[in-house]
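Below, in structure tokens: the form predicted on its own, a single chain.
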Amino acid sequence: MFPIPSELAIGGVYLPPMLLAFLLGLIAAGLTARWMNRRRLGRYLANPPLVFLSMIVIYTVAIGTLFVGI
């Protein structure tokens, strides 16, 4: 079992691990939204900003669970 990190030290600044998971989730959702816009898939969505927000949440939970260990 992996130990749960209580904080991450980056350059002497202590950050919560959820912040790292959120930033990675935001980047992943941005890349997914860009890919969807290039393929013109956004026109099939009723509310694209809400879909983007939900992708951020899904990616944050997945990254936090699988990689960061939250």
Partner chain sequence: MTALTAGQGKAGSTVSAARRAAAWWSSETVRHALRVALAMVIAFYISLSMGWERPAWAGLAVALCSLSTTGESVNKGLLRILGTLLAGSVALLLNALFPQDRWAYLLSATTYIGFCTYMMGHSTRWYFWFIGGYVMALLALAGGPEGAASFEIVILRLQQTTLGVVSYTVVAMLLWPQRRSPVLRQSAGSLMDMHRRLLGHDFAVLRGDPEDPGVTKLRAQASAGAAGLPEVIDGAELDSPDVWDARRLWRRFAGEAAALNEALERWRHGFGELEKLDLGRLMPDLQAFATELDGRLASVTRMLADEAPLKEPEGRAPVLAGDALDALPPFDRAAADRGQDLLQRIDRLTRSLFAIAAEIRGVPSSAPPEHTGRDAALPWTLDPDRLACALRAFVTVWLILLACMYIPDFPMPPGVIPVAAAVGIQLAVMPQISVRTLIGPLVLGAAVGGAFYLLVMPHLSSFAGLGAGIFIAVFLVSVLLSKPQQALSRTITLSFFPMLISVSNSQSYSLLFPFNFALMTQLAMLAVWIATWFPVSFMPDRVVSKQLRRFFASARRLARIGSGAGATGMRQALDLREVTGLPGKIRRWFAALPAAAYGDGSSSQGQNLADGMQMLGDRLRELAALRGAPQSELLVRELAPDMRSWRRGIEEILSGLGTDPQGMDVQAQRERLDAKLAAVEARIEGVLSSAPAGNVSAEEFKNAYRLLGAYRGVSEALVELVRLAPAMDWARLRETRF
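Since we're looking at a predicted model, the values are computed, not measured. Residue numbers count along the first chain shown, from 1.
Note that the form predicted together with its partner chain isn't included here; everything after this is about it.
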Exercise. Can Tyr59 be called a contact residue for its partner chain in the model of the complex at 4.5 Å between heavy atoms?
Worked result: no
**Message:** in the model of the complex, does Ala33 come within 4.5 Å of its partner chain, counting heavy atoms only?
**Reply:** yes
(request) Determine whether any heavy atom of Val13 comes within 4.5 Å of a heavy atom of its partner chain in the model of the complex, and answer yes or no. (result) yes
Tell me, yes or no, whether Leu45 is in contact with its partner chain in the model of the complex, where a contact means a heavy atom of each within 4.5 Å. yes
